[in-house]
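Only one chain is given next, in structure tokens, and it is the form predicted on its own.
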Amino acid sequence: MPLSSLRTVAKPQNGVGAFILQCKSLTFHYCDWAGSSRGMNAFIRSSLPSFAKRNPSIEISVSPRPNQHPVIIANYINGRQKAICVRNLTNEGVREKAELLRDNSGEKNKRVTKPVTSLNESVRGIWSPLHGARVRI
């Protein structure tokens, strides 16, 4: 009698099997003349090629924007767009902001009211230092 195996199909969840970055594209706007774009210009010349090699799934475009402050604009797969002004930042500061936009999910920032979010509430209740047998006040 031949044995038949059960076919299991995994639910598609981000992070299980393969991770998909939520950031679809990054656009770097800069000005050649303005002093506030010094850090952005240094980033574009020195760090942007290595940043692009490390992130092949992100479309990267660079465009001049005369007489304006430098801006990084990120487009996400959920359709949202986020922009960060990077005026007067250094090369490292621009890199940190680009990584922040790359790692972001594209969702609006939410206020966290509880430190832990769970589908099941605790059966035992909230712990207090006053619980226990040897508590003296």
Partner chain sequence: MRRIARPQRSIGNPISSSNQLRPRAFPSRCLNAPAIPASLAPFSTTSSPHFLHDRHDKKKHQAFVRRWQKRLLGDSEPIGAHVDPYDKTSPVRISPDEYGEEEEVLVDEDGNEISKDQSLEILYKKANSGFGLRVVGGKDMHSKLEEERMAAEFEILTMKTYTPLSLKMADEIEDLTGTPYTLSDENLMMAQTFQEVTGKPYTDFSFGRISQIKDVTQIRKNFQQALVEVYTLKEAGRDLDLTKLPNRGVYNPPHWISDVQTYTSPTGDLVLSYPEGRTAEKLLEKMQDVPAWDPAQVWGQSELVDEAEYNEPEQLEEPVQPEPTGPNKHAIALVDESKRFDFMSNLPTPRKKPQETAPKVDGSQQKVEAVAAETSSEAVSKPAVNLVELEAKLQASKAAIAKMRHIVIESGANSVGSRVAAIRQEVLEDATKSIQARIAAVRATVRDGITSLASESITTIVPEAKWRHASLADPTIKFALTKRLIQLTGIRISDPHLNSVQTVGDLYGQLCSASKPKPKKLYDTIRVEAEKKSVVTKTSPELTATRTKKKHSMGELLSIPNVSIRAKRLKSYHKHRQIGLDKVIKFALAERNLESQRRLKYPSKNAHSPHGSYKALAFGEIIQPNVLRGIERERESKEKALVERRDAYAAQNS
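As the structure is a computational prediction, the values presented were derived from the model and not from experiment. Numbering follows the first chain given and starts at 1.
Although not depicted, the form predicted together with its partner chain is the subject of the following passage.
Thr90: touches its partner chain in the model of the complex, heavy atom cutoff 4.5 angstroms: No, Thr90 is distant from the partner.
Whether Ala52 contacts its partner chain in the model of the complex should be assessed with a 4.5 Å heavy atom distance threshold; does it? It does: once its partner chain is placed as it appears in the model of the complex, Ala52 has a heavy atom within 4.5 Å of it.
Could you confirm whether Asp103 comes within 4.5 Å of its partner chain in the model of the complex, counting heavy atoms only? The answer is no: Asp103 has no heavy atom within 4.5 Å of its partner chain.
Its partner chain contact in the model of the complex: Ser46, any heavy atom under 4.5 Å: Residue-level check for Ser46: yes, a contact with its partner chain.
Taking its partner chain as it sits in the model of the complex, which residues of 35-68 have a non-hydrogen atom within 4.5 Å of it? Please list them. Asn41, Ile44, Arg45, Ser46, Leu48, Pro49, Ser50, Ala52, Lys53, Asn55, Pro56, Ile58, Glu59, Ile60, Ser61, Val62, Ser63, Pro64, Arg65, Pro66 sit within 4.5 Å of the partner.
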